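Shown below, as structure tokens, is a lone chain in the form predicted alone; questions about how it binds or moves come after it.
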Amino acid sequence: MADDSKPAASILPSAGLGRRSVLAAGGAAAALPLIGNRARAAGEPIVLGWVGPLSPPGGYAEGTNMRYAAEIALEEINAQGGILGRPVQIVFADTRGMPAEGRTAAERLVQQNKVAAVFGEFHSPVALAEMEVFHKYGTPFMACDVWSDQITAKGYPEVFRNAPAVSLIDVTIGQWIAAAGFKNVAIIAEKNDVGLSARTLVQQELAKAGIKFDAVDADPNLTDFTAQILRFKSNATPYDFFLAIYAEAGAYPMIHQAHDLGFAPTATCGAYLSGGEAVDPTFWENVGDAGTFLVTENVGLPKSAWNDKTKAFVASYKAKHNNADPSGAVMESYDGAWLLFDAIGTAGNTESKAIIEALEKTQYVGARGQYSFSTSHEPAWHYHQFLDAPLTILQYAEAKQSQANAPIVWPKEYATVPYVYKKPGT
């Protein structure tokens, strides 16, 4: 891995690079007339920063995969001759999923590495800390897999998001619960700004549909939920659905404990884990059979909506990384790099205001569809948000099933199965 204290060397295609990767680079080039040609780039490098968890306690497994995606984008751009005739370098900063580390990394990227722009991140609290630094210095920041409404609601001109926001995700979850016909819902949410706002949004949708619910807020560091689950299990009016809004260390133990205690998922009580943990590469090795029939969201495009860039990127990623399916977060990181490449090429320079202006006008087509960023402040979280960010709800049908092959149950236009929810044992 590149040292996060200095720019990573430009990564050029190796002898083992497959033909599909070369084709993917060629496909991306067509949309970027100012990025250059396949001649070797010369001159002072354009330096970008990437932030995300690459070691514990953060979500380092997915963070590492997001880094891999950024490296593929880097290979492609430099194989084309870089941007504006200059090679591109990326400095990879490990934030360990900790806000203080994120803030320090952001300062270092701007002050020491002199980055033109930054992309990445996997944890909302870390992104919120980082963006204060980027706002202070006017450095463009493409937030790639962080969902807190506050990230765009603060209205910072430097901050863009190519992932869905909580207000998009949790309203959808509430609508799906209603469509699936559940009547009495038990909720455990992490006790922080992201978890509490997500719970509120889901509850609003449940109330609209006349669905009963009870909620418990738990410390993000909690890993033993036995007391809460047993209380839910012994409720006088049985719950028919369990919603866990948890993206912290306790997510996997919670699902394991709910299963082992016979609460959910069962034939009488469904289960949903929101927060991204259920599509993380470490999910099945941590929960085992407890994950079968679990429902979760995926922020990637369904296969039926893949375009040529999606297909080329997936083929390149799988060829390089043990045939693994890239998650939506991984595609966000890949597209985050290309959105910045495209904006710099369009701007014709690396000035922050010019990059921001180019991003506000972008119509770039990436692996996750055609991008555009709202400039409306009504509601506040719309500002610089990709409002058409893809989002589907899937339900695992068997143990160790990849998220790419799991049945999509919602929304209906993307569903790959005739049911909205499948009860265990049916």
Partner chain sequence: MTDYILIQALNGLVIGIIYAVIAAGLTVIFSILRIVNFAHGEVYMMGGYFAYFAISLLGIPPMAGVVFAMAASFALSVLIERTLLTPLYSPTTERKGDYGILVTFGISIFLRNIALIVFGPYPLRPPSFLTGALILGPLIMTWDRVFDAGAAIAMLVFLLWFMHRTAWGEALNAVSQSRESAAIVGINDQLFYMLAFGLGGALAGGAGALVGPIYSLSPSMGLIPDTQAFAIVILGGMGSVMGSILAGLMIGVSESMFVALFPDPSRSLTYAQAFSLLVLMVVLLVRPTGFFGRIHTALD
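Keep in mind that this is a model prediction, so the values were computed, not measured. Residue numbers count along the first chain shown, from 1.
As for the form predicted together with its partner chain, it is not shown, yet the points below apply to it.
Within this chain, N65 lines the site of its partner chain in the predicted bound form, having a heavy atom no more than 4.5 Å away. Contact annotation for Y60: at least one heavy atom lies within 4.5 Å of its partner chain in the predicted bound form. Although the partner is absent here, A267 lies well away from its partner chain in the predicted bound form, with no heavy atom inside 4.5 Å. Although the partner is absent here, K303 lies well away from its partner chain in the predicted bound form, with no heavy atom inside 4.5 Å. For the residues P125, P157, G85, P253, the 4.5 Å heavy atom test against its partner chain in the predicted bound form is passed only by P253.
For the options D217, E107, D308, D325, the residue carrying a heavy atom within 4.5 angstroms of its partner chain in the predicted bound form is D217. Figure note: of the listed segments 71-79, 340-348, 85-93, 231-239, the one touching its partner chain in the predicted bound form, with heavy atoms no more than 4.5 Å away, is 231-239. The candidate spot formed by K191, Q257 and N286 lies fully in contact with its partner chain in the predicted bound form, as each residue has a heavy atom within 4.5 Å of it. Contacts of stretch 218-236 with its partner chain in the predicted bound form, defined by any heavy atom lying within 4.5 Å, are made by A218, N221, L222, T223, D224, F225, T226, A227, Q228, L230, R231, K233, S234, listed in sequence order.
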